[in-house]
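Form predicted alone, single chain, as structure tokens, below.
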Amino acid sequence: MPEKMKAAIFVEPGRIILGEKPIPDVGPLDALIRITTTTICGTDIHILKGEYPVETGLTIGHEPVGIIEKLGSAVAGYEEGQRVIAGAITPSGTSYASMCGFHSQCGGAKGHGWKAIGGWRFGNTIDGAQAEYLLVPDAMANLAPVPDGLTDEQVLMCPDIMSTGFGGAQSGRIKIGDSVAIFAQGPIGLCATAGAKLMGATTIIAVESIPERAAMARRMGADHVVDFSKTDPVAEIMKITDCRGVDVAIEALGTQATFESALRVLRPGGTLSSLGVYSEDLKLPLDALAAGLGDHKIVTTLCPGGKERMRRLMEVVSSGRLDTRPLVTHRFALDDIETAYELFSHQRDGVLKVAITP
């Protein structure tokens, strides 16, 4: 094995470069995986723009598909050479948060800023997946073998995008026959749309203005697509629901405007399921909140992680109930990752997700 590897390194706001780093040493509970495919997330763009702070010199990325290169001395139940994924969130499984059932919050601590929120470590507090090799902590809690017959691109959305989008639908507790509005049809919003359909929603309203994303929303299960650039989405959604409002609104962009609109379209007692990463304070308008008397629920979700979550998502893919391969619109070699960032950050050429292959 070589001593050095290529990696996408955060230098400063506005600069993520392809550089070189030592291949990490493997501790007793760790696993080293050789990355075969990864991708760029919208959160990585927040890092690039300086909207989410990380340390200079950090390797970015949190969506790994790869092959086990080396196992720690205490890791059992896996083999070197095995194809695996690991979730973007890597719980230890032994923390207070995990024991409470909140695996995504494993490792987080109040009062220590964003960097301590939840169990997001890859590309946040430790080196991430946009590299030739990735060190996976707590390997026995996080490595999920890829079933035979599934390609890298079939499982590429499982570590984050699919898990987060489905998580938004699950947090909203969608029921059979529900009406659901999903604000923004980026990759996470599209997976939330698919999750709403799988959970039994029968009126699914996607809010999106980009034609390619609107078409993909219908492919993922949307019954209606509201173009917010041509009409007031709140008025249109109320019209579609005969002024009843939706049972669940999913906010998948992270802006005041979409959050407020999601709140305004809820029926009394409805749930706003928030998936957005917000970079400034949110305000709750008095009328939209019904002066605090509307029995509304607002719930936030951090991408569920861990090997059992990954196994379940890959079962959805294996069953044929959802094909996320169409979300991969562009492909780049790791050597060209700076070009990939330029394309993805400017949302050019109809990009949804990019596949990065070392």
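Note that the structure is a prediction, hence the values are computed from the model and not measured. A residue's number is simply how far along the shown sequence it sits, counting from 1.
Not on display, but discussed next: the form predicted in complex with a further copy of the same chain.
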query: One residue of Ile237, Val155, Ala184, Ala201 in contact with a further copy of the same chain, assessed in the predicted bound form (non-hydrogen atom, 4.5 angstroms); finding: Ala201
query: Listed residue (Thr94, Thr231, Thr125, Thr151) with a non-hydrogen atom within 4.5 angstroms of a further copy of the same chain in the predicted bound form; finding: Thr94
query: In the predicted bound form, segment of 329 to 337, 297 to 305, 33 to 41, 55 to 63 with a heavy atom within 4.5 Å of a further copy of the same chain; finding: 297 to 305
query: Contact test, all of Arg15, Pro147 and Pro358, partner a further copy of the same chain in the predicted bound form, heavy atom 4.5 Å; finding: no
query: a further copy of the same chain contact in the predicted bound form: Ala215, any heavy atom under 4.5 Å; finding: no
query: Glu315: touches a further copy of the same chain in the predicted bound form, heavy atom cutoff 4.5 angstroms; finding: yes
query: Heavy atom of Leu253 within 4.5 Å of a further copy of the same chain in the predicted bound form; finding: no
query: Arg121: touches a further copy of the same chain in the predicted bound form, heavy atom cutoff 4.5 angstroms; finding: no
query: Stretch 236 to 269: residues contacting a further copy of the same chain in the predicted bound form, 4.5 Å heavy atom cut-off; finding: Asp242, Cys243, Arg244, Asp247, Phe259, Arg267, Pro268, Gly269
